[in-house]
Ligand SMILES: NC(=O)c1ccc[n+]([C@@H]2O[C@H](COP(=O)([O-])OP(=O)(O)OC[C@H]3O[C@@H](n4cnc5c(N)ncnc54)[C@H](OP(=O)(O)O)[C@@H]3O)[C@@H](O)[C@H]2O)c1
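Let's start with one chain on its own, the form predicted on its own, as structure tokens.
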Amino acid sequence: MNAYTKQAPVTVIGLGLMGAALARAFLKAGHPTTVWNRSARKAEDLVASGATRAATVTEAIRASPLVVVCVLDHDAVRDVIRDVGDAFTGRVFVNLTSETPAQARETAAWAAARGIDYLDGAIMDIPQGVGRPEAMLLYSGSRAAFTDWQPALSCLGTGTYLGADAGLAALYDLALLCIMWSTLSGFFHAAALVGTEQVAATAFTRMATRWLTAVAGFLPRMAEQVDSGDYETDVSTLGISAVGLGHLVHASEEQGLTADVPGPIKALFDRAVAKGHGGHALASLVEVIRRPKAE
């Protein structure tokens, strides 16, 4: 199959911002590209660029050996696959829709029951980044599908295969987004805090990016502590940080801000201290984030 996947026909189902970006990347790489969207007008620009618009989702699936689905959510995926009969037979199904691990495994089970090669995936970039080598895509599920179709999928960005468990791409996706959303929420609170004293966010950002680089350097050691369960430290204890978070909450309120961002973090730290982790490293927070296993 590798012999023809570099120019193989591809179908893209779902033409929102991300789906349309995927279709454009395939077209740019020279793949004959069939597209389908519930609202047909979203295909107009792509058709003008050389794509073929299918009249039905079944027609779209049958048009290509590689079918990429990128729709709103898991319910939309189920709507796509509900009435397509055997259209997927003999094709590779790549699902780049944002889902939970359990939802990805549900779709994988549907595909396996029909003998369909299935890859679940996550796009760790914005639509404008799709097609660049530095765009990061995660895949899990059928190793054969990933290996055979990597020449075609590589036009979307650099793909990483995580394993045969179809839920892994979604798991990594949400874990990485957790870091992003938490970091950005902290940044917005910080920008609002310094802004109470007329410090421009753009000026503050120069120091913030330098600080984030330093914080990233803490992660390998903290990861070792999480894996080992050894939270001894000679650096800074969780209890000291809990006191610092109290200062942040009070200062925020004094400056006229809400404590919506630091308040819940302080509550988490306080809970960890109450459970005896005050003298441990920050990595011990994972012990109160994890739910206790049933006896």
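Worth saying up front: this structure is predicted, and the values here are computed from it rather than measured. Residue positions are given as counts along the sequence shown, with the first one as 1.
The same protein also has a form predicted together with the ligand, omitted here; what follows describes it.
Across the options 35-43, 48-56, 259-267, 241-249, residues that bring heavy atoms within 4.5 Å of the ligand in the model of the complex belong to 35-43. Interface residue among I116, V80, A87, A190, judged by heavy atoms within 4.5 Å of the ligand in the model of the complex: V80. For the residues V92, A108, A170, L96, the 4.5 Å heavy atom test against the ligand in the model of the complex is passed only by L96. The three marked residues, V226, G279 and L285, fail to reach the ligand in the model of the complex, with no heavy atom of any inside 4.5 Å.
By the criterion of a heavy atom within 4.5 Å, G16 is counted among the residues contacting the ligand in the model of the complex.
In the model of the complex, the ligand stays beyond 4.5 Å of every heavy atom belonging to M222.
By the criterion of a heavy atom within 4.5 Å, D125 is counted among the residues contacting the ligand in the model of the complex. At a distance threshold of 4.5 angstroms between non-hydrogen atoms, V71 is in contact with the ligand in the model of the complex.
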